[in-house]
Each structure stands twice: as structure tokens, then as C-alpha cells.
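As a starting point, one isolated chain is supplied in C-alpha cells, in the form predicted on its own.
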Amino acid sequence: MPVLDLTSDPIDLCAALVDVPSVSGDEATLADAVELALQKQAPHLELLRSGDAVLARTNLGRERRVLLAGHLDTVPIADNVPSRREGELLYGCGTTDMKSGDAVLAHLAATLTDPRHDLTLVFYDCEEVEAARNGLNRIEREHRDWLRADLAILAEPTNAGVEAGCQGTLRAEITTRGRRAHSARSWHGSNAVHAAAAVLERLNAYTAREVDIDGCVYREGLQAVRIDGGVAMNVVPDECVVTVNFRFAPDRDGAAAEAHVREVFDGFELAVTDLAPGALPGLTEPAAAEFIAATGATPSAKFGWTDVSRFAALGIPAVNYGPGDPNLAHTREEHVDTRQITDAVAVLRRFLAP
């Protein structure tokens, strides 16, 4: 089993985490190593193993509890393990998404023995695959009390800035129908692909809404992301499906988002195929406001969906904060500026230390 030194420089710890492959569904070795390291190097923490997730917490009776979370899994390796260092940059699968964030959290878990807030740390599995496999689902179902907190900080890559809340996401399929015919006698048919032009016209005319929530501006978007239609090269198609994706501000819940999409495409056959609500930033909550003050940063809206939505659904204000450029996630050239790792440790220690 790889041996992790949680008290070492968190940059070196990040490299050690990257060097343990942990593609989604194969996190056991890394989870074992994290669990053993916490057992030996953080005796002040209560530990819990849930599948390939490792949870730890203090029980100091503090007025507030802060939850720090990061996923252990990565996308499939693209010839970028083991890690390598070039100046201030650390390259390797997961350096940005999100083993640099995990290193920050694990280092603080071992070295911050008397925090001013009680802490819960959640290192979980299967974030990079379908939502049904996400380890947070299992933890919520089986160990709900471990997710109690006044603030959740998800160490997703944000270039060491604060991205508050997140957008919701909805996918829907809009189907147009016609009548099949031989293309040589097309007047006997009705082309469903041509009928889909009306769907695209509504999308082209759509004006995205911008919403300011707690000083963070969320911009919505409604886009066609796929079109399926056609039978053969000599057949007028009788069915066409346009898949649309709606990214919506967190002031809409799932029902409101669906109602809006149905209103936009009123008169068309529409089926929602995926829906995940967003997360309100909650920056006016005391613990969140205190964290923002510690960072000295101006929060921005999170464009995209992250697991902060799961915490928000539990009534916990949640933000994204971690080292790494999200634009580098899942790429062959994935890397992290190691100075962001150092900075993130300093910011969180300033927030959490007595």
C-alpha cells in the first residue's frame, strides 16, 4: 500500500496522491491509503469508511461545523501518471480535478488539531461518472448525520477563487414527427427533420436571463446539443429528435426550470431526460460570510453543476474553492500551479485556525 505523509508539504502530498491511480470505480487503493494515513497521523479525528469513501471529523463542541469535501476519483488516465514537476507546475491525471484539493484538505486534517470550528472531511468516490454512482448518495443514505454542517466547501478547481453555488442543468428531447416516403416521391411524405427547423428557430431567438444573487451573476443558457434524425439516404424521415440543455440560475428549482423549457417549446412534444437543481450561494449565512472574509476574494457565480448542489439540497450553504484551473480538467496536459496549493492551505488555515 502506498504510504502518504499528510504532514509533508501539500505539493509533495498532491504528487503522491496523483501517483496512486484512482479512476472512477477503482478508488480502493487510494481510499485505503488515505484511511491508514488519517488513522496514524490524525488521531484527533473520528473516522468512518463508507465503500471507497473516507470520512473524518472532530467532535470539539464548537458552535459551528464546516464540511470540507473532495472526490478521490479521476477520469481515465491519458498517459499522464506518474506525476512530473516542471518549475512551479505539477503535471498528472487529477492534479487539477481534484487531487490538489484533496491534498489541501488531507494536510489540514492532520495538522490542524484544534480548529475554531468543528470539521468534517469527506473524501468520496465516483464523482466523475453517472450521478447514481456518486459516493455522496450512499453517504447521505447511510450516514446522514455525517453531512451535518453550517458551511460546505467543495475543493473543486477554481483557480483558488471562490465560486459560489452552481447552475442547475436540465436536458430534454424535443421530437418532431412526419410521414415516411421514398425521397424520389417526397411529396407523399412529411419530413420530420425539416420540421425541427422550428425548434432551432426558437433557440436562435432565445434571450438568456442574467440573475444577481448575493452579488454573483448567473447567466442562463438554452442550447441544442444534439440532433438525431434520418432513416436511409433515400427515405423521407418520419422522426427527428433535438436534444437541448438548459443551464439555469439557482433561483429556479427543478420544477420551475422544466416549466420554463416547456413554455419555450410550447406546442412541441417534449420529454425531460435529466434534471439536477442548482445551489444558491448562501453567502449571507454567517459561516459563509466569515469564509469569504478570510479569502479576501470577491466571489463569482459557478457556471456549471457541481456537488455543492447536493449540500444545498440538505440546507447547507456551499461554495467551490480549490487550486487548479478547471479548463485543464480531464485533459492530457492537466496540471496545477503549485503556488495555488500553498495559497489554498494558507487561506483555509486562516479561516479555520483559532
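A quick note: this is a predicted structure, and the numbers were derived from the prediction, not measured. Residue numbers run from 1 along the displayed sequence.
The next section is about a form of this same protein that is not shown, the form predicted together with another copy of the chain.
Enquirer: Taking 4.5 Å between heavy atoms as the contact cutoff, choose which of 167, 120, 134, 83 touches another copy of the chain in the predicted bound form.
Expert: Contact check passes for 167.
Enquirer: Can you work out which of 89, 112, 227, 129 has a heavy atom no more than 4.5 Å from another copy of the chain in the predicted bound form?
Expert: Comparing distances to another copy of the chain in the predicted bound form, the residue within 4.5 Å is 227.
Enquirer: So which of 238-246, 252-260, 93-101, 277-285 is the stretch with heavy atoms within 4.5 Å of another copy of the chain in the predicted bound form?
Expert: It is the stretch 238-246.
Enquirer: Using a 4.5 angstroms cut-off on non-hydrogen atoms, would residue 194 count as touching another copy of the chain in the predicted bound form?
Expert: Contact check for residue 194: yes, within 4.5 Å of another copy of the chain in the predicted bound form.
Enquirer: Residue 144: heavy atom within 4.5 Å of another copy of the chain in the predicted bound form?
Expert: Looking in the predicted bound form, residue contacts with another copy of the chain do not include residue 144, since no heavy atom lies within 4.5 Å.
Enquirer: If we define contact as a non-hydrogen atom of the residue within 4.5 angstroms of the partner, is residue 171 a contact of another copy of the chain in the predicted bound form?
Expert: Although another copy of the chain is absent here, residue 171 would touch it in the predicted bound form, with heavy atoms inside 4.5 Å.
Enquirer: Can you work out whether residue 183 and another copy of the chain are in contact in the predicted bound form, taking contact to mean some heavy atom pair no more than 4.5 Å apart?
Expert: Result yes; residue 183 sits at the interface with another copy of the chain in the predicted bound form.
Enquirer: Going through 212-234 from first to last, which residues have a non-hydrogen atom within 4.5 Å of another copy of the chain in the predicted bound form?
Expert: The stretch 212-234, when checked against another copy of the chain in the predicted bound form, contributes 219, 220, 221, 222, 223, 224, 225, 226, 227, 228, 229, 230, 231, 232, 233, 234 at the 4.5 Å heavy-atom cut-off.
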